Every structure is written in C-alpha cells, then in structure tokens.
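Below, in structure tokens: the form predicted alone, a single chain.
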C-alpha cells in the first residue's frame, strides 16, 4: 500500500519497523483519564493492533501493529476518547490533526499528593486547549512542587508549583518543626529570630514543607497559585542539557501567554530546512540569542509584582 508518511505522522500515527504496520498515538493531557476510555483503547489494540499497548514516556498511549488500511477505522473508534479529553479537533472522526506539539505531561498533582501546590492535570488541560493542534515541536511538562517528580527541567517548558507561605504569629508555639523540616528536607530558608521562625525570601523555593509540618497551622499556603518556569531543557544526541530558571513566582495566565508568544517566535525564526522539518526551540534561541527570545516571550505579559525574572539565561550541559 502506497502511503504518505508525512501525512501519517501528522495524523499521530508512527512509522514503524514493520512494513505495512503503524502505531496510533493517543493524547492524554495531564496523564489522567477515565477508565471507560481504556476500554476503547483495549478494543482497538485487540481488534486492529497486535493486542498490546505501550504507555509512552509522555503519559500517552501507543497502540502498535495497526495496518495502514485500518487507520481511518481507528480514528473513528478514538473519537469518544478525543471528545472526552476535550481535545481541539477541526474534523471529528479524522483522528488527531497534528502531532508536533507533544502530549503535555504532568505529575499526579494536588488531587492526590500532599506535597503538590496545585492541580497539575487541570493546568495541563488548560494549556492543551490553548496550544493544540500545532505542528511545531514543543514539549511541556508540569510538576506540583520542587520535588519535580515529572522531571520538568528536561522539557522546553517546565512548570513547577510553588506556594508563598503565609505565617500567623499568634498560632505559633515556637516548636521549631518548620525550621527543622526546612533544614532536613528543603533549602534551610527558615531560621529562628527572637524565638520565632523567620523566612529568607530570596532563599525560599515555595515547596510548602513548613506548611505540611507545622502542627499548629501557623504556616498556610497562599491563596494565589505561583510557579517556577524553566526553559528549554532537552535530551537527544546534540548537546543535552537541563532547563534553567526563567521566572520565579509567576502566575498561570503569564505562563500561557509566554508559551503562545514562543509559538510566534518559533514561526518567525525556525529553520524550515532542519532534519525532519523541525528544530528544537533551544537551538533557535542559541542562534538568535536569549535577549531576542525574551523580547518575544514577554510581549504583552503582565507579571505578578513578586515575580523574579532572570535577565539572562545560560545553559550548561554536554558539549560535543
């Protein structure tokens, strides 16, 4: 069967090693879905695939062993999953209209984890609605706290939850629990001054250990949600590196705006002749300079008053 592999990949199918067979990629923004959709995925795998499903590194599903001639049937069967995950789709019944922007991954978040500072799934789904479909090669990941279970510093955009600890002096009994746990499990941002805990604002990473371990609830989480935004971590053959901090104490609206601005920046500067027709964002920034990227990224962004912006970002990592 003659097949247009470029069109196949854009439709979220994979070119595989076995002639005439492909694999369907199923998006699960935030990594959370209802079990009823797993029944649909199982049916596709059993009836049109090889009876197996691969859980991808980005928290989606990949169904291998699908014949080229069955792709349209698979797309139709996937429609309830696409609808249920509320994924933007120009043509219902045609499957996914793009695969460039990868599935947005997230840790379990504060729906389950006591350490998480926010609902990672909800924010991932919000970003999904804003950016997908798009053919540009973006990788976005979210983690609920500085424990970074999702390894967000290995992505183009890493979104790490923070909380601004609120201290009520009248509830404090000077037990030092917050100070001890901040020293043992975090960055030692608290110390005792005049028998009361004092927070070093520059050192605090917003992890919430003081909140979790205060027996009197003298420390509480801030009503406002804050984040640490890291940029342009990457794996791969050429110059793998960890993402670096761009902005601390940033809000959700600003993060979404910066990501959308980055799509515009990439459209402007991407090398269309790059292998596979894609170029990682970090390489583009290396080429244009960080100052040019920052001007695009912050266009129209209204940051919170407490936001801390790194004026220049330098990346380390392996060099070949």
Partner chain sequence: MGYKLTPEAFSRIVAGLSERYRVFAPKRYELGGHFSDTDIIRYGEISAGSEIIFGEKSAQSFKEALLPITQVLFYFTEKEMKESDFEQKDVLVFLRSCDLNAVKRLDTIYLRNGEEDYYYKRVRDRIRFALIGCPEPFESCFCVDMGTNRANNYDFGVVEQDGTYFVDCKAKDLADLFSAGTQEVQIPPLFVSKTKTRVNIPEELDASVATASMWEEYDGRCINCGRCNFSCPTCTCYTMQDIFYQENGRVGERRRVWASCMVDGFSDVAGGGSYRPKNGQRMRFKTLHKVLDYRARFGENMCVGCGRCDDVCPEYISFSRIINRLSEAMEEVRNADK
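Positions refer to the first chain, counted from 1. Nothing here was measured: the structure is a model prediction, and the numbers come from that model.
Although it is not shown, the form predicted in complex with the partner chain is what the next lines describe.
S.K.: Counting only non-hydrogen atoms, which stretch in 130 to 138, 89 to 97, 236 to 244, 163 to 171 is within 4.5 Å of the partner chain in the predicted bound form?
M.R.: Single hit among the candidates: 163 to 171.
S.K.: Verify the contact flag for residue 117: yes if a non-hydrogen atom of it lies within 4.5 Å of a non-hydrogen atom of the partner chain in the predicted bound form, no if not.
M.R.: Yes, residue 117 lies within 4.5 Å of the partner chain in the predicted bound form.
S.K.: With the cut-off set at 4.5 Å between non-hydrogen atoms, does residue 125 touch the partner chain in the predicted bound form?
M.R.: Output for residue 125 is no: heavy atoms all beyond 4.5 Å of the partner chain.
S.K.: Looking in the predicted bound form, any heavy atom of residue 220 within 4.5 Å of the partner chain?
M.R.: Contact with the partner chain, yes.
S.K.: Can residue 203 be called a contact residue for the partner chain in the predicted bound form at 4.5 Å between heavy atoms?
M.R.: Contact with the partner chain, no.
S.K.: Even though the partner chain is not shown here, does it sit in the predicted bound form so that 283, 299 and 307 each have a heavy atom within 4.5 Å?
M.R.: So, no: the whole triplet misses the partner chain.
S.K.: Within 4.5 Å of the partner chain in the predicted bound form, heavy atoms considered, which of 186, 75, 101, 213?
M.R.: Here the answer is residue option 213.
S.K.: Using a 4.5 Å cut on heavy atoms, which of 248, 225, 199, 153 is close to the partner chain in the predicted bound form?
M.R.: Filtering the options by heavy-atom distance leaves 225.
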